[in-house]
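Only one chain comes next, encoded as structure tokens, the form predicted on its own.
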Amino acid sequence: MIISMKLGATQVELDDVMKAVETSGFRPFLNPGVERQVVAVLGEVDIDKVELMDQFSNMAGVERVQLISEPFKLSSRQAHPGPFSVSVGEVSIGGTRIVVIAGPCSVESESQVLETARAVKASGARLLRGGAFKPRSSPHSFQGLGEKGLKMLATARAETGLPIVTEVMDPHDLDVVCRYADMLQIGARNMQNFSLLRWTGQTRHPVLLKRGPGSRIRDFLMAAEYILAEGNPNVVLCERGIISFEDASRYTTDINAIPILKGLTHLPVILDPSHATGNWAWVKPIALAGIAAGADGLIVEVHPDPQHARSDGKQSLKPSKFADLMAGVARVAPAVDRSI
């Protein structure tokens, strides 16, 4: 249930509504960043819905009360009317400007990170991605450099000014990752790690949440709900391909998900064409398709020497290919009333 306050409602009127929600046995959640105050009523409604709606509708300062039938309450467009963007440092994701996040899959050395950061910034990337903690299918594969890798990312940020996006895999690592990262990434394998989602929500750090390869859109939004329910509204959704019967590419890029998500939620939506395709040769066309479909941005893997990358070299762009991708984005974006 959503309670929309009147424009100009007083703080006293808002406080009275919040108290009434609590007295009725529910948890009030005040949505931030909207022109008018919107209170989400969280909890199972096991009493007369009409009676409850009438109770809140008749309170001073309330404009309207509406039920949300979907299970994802806080991430719905009804819960947060109007435009919404997530700020990462001085970069805003979700506005009219396409935001591109780029960098290596894994942090391997300081020279590799610095070279990549300089190159992607020169081509127009706004944030730097890089994995210090790496979830791998095999326990014998390279698992990342840990805090040492985070320090290398921080060095690259100090030189280039690019905010850092990096993955967190375990609640026990949150403190150290938060000391260095500007945005926390929840990888596809952890999309339904509910304990990690809750702890991440409590950090108040911006979160990039990737869709699991076997997850429906409804599951994806419910995962975001866990973060939002902890009081952290700064979530960006990332479509990165799903499992299907087709095996010609690493995953099947669900371009449909972009406009569907944009219709269901106020949260920004970006596309990861690197993981969705698994092959650098297909990254550019899929990235451009995502922008045309309405994505708010891209996250792309870039490596100065993909042939010798310690992870995901096959899908990583060389800096020159990334520059070509950015030129393509610059041509497509105006066609959908966006810019980079």
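Numbering starts at 1 and follows the sequence shown. Being a predicted model, the structure only gives us computed values, none of them experimental.
FYI, the form predicted together with a small molecule isn't displayed, but the following is about it.
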* Is the gap between residue 134 and the small molecule in the model of the complex 4.5 Å or less for some heavy atom pair? -> yes
* Decide whether residue 198 counts as a contact residue for the small molecule in the model of the complex under a heavy atom distance cut-off of 4.5 Å. => no
* Asked: Should residue 303 be counted as a contact of the small molecule in the model of the complex, where contact means heavy atoms within 4.5 Å?
  -> no
* residue 187: heavy atom within 4.5 Å of the small molecule in the model of the complex? -> yes
* Asked: Hey, with the small molecule in the model of the complex, do 100, 157 and 182 all fall inside the 4.5 Å heavy atom range?
  -> no
* To do: Mind telling me which stretch in 118 to 126, 82 to 90, 147 to 155, 187 to 195 gets its heavy atoms within 4.5 Å of the small molecule in the model of the complex?
  => 187 to 195
* Using a 4.5 Å cut on heavy atoms, which of 164, 227, 105, 221 is close to the small molecule in the model of the complex? -> 105
